[in-house]
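For reference, the chain that follows is the form predicted alone, supplied as structure tokens.
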């Protein structure tokens, strides 16, 4: 009787999460897989078109532009975020004064809403009366820069993405560093190893498993990111910041009152499937390349 009660309680606790996963996670996937072979605008009767959506996707310059922008956005973010996160983790791992405060400050962007912070960044980077341009004009360095214009929009998006991600990966690296015994560093110091040598021959190898996990997480998150871009530029100007999943989003929903995107659920499903395949391919390439890291630890 007692075991039956425990089983019923377990089912009662897991059933809501299971239902939400099925309704909000599993069902939409099968829905999209079905409709990517149809022409469907959200109303009327879906029209079966076979592989036409994928033929259209192959010729779609906007999609391939979004793919290119995604790779630039993700690459720029990763090249700065990962080394900076690791550097901050190493510094904070030295038990410096005020380390707890710095951890809180760096991690805070992770828990803040991306939409809310994007609005704050709009106030900062607005080309006409933004706080950054006002500061640059006051100190005489510039008459104003179009941070959200065609020349600097992608750079601005990358900087915002770096700001939002550094704290999260820093804490993951810090957790890994705290698992490395300090006796190893003390022994290396006695043997005459310099800090740089300790970092490359002790820290990096022993941080190998954590480094692999963080890199995988960072790659997938960077390739899927679009929230700040949607709020700040809606993919503009002239498609300069349009990324894959923002392009998919536009197929289903309107991102701004000034846009005249027509909802295309069938084609959007095909675009989403192709984007998922591209991310899966990049992930597999990373898994293959990460095997070389196994020799570090």
Partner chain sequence: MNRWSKRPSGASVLAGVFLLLVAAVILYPVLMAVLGSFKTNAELNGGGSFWPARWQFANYSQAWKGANFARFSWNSLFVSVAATVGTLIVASMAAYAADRRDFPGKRLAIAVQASTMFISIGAVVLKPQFDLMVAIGLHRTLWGVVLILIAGHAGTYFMLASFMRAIPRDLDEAAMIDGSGFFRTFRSVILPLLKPGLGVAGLFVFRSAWNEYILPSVFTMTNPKLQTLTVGLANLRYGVSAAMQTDLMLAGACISLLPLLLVYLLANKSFVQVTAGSVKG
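Rigid core (definition): largest C-alpha set, two forms, superposition within 1.5 Å. Small disclaimer: the values here were computed from a predicted structure and weren't measured. Residue numbers count along the first chain shown, from 1.
The form predicted in complex with its partner chain is left out here; the points below concern that form.
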If contact means any heavy atom within 4.5 Å, which of 235-243, 24-32, 64-72, 45-53 contacts its partner chain in the predicted bound form? 24-32
Is its partner chain in the predicted bound form close enough to 109, 231 and 268 that every residue in that trio has a heavy atom within 4.5 angstroms of it? yes
Ok, 204, 80, 217, 155: which has a heavy atom sitting within 4.5 Å of its partner chain in the predicted bound form? 217
For residue 147, is any heavy atom within 4.5 Å of its partner chain in the predicted bound form, or not? no
Give a yes or no for residue 276: in the predicted bound form, does one of its heavy atoms lie within 4.5 Å of a heavy atom belonging to its partner chain? yes
Please run the contact check for residue 198 against its partner chain in the predicted bound form: heavy atoms, 4.5 angstroms, yes or no? yes
If you check in the predicted bound form, is residue 37 within 4.5 Å of its partner chain, heavy atoms only? no
With its partner chain taken in the predicted bound form, which residues across 142-178 come within 4.5 angstroms through any non-hydrogen atom? 163, 165, 168, 169, 171, 172
Return yes or no for residue 280: a CA shift of at least 2 Å between the shown form and the other one, with the rigid core superposed? no
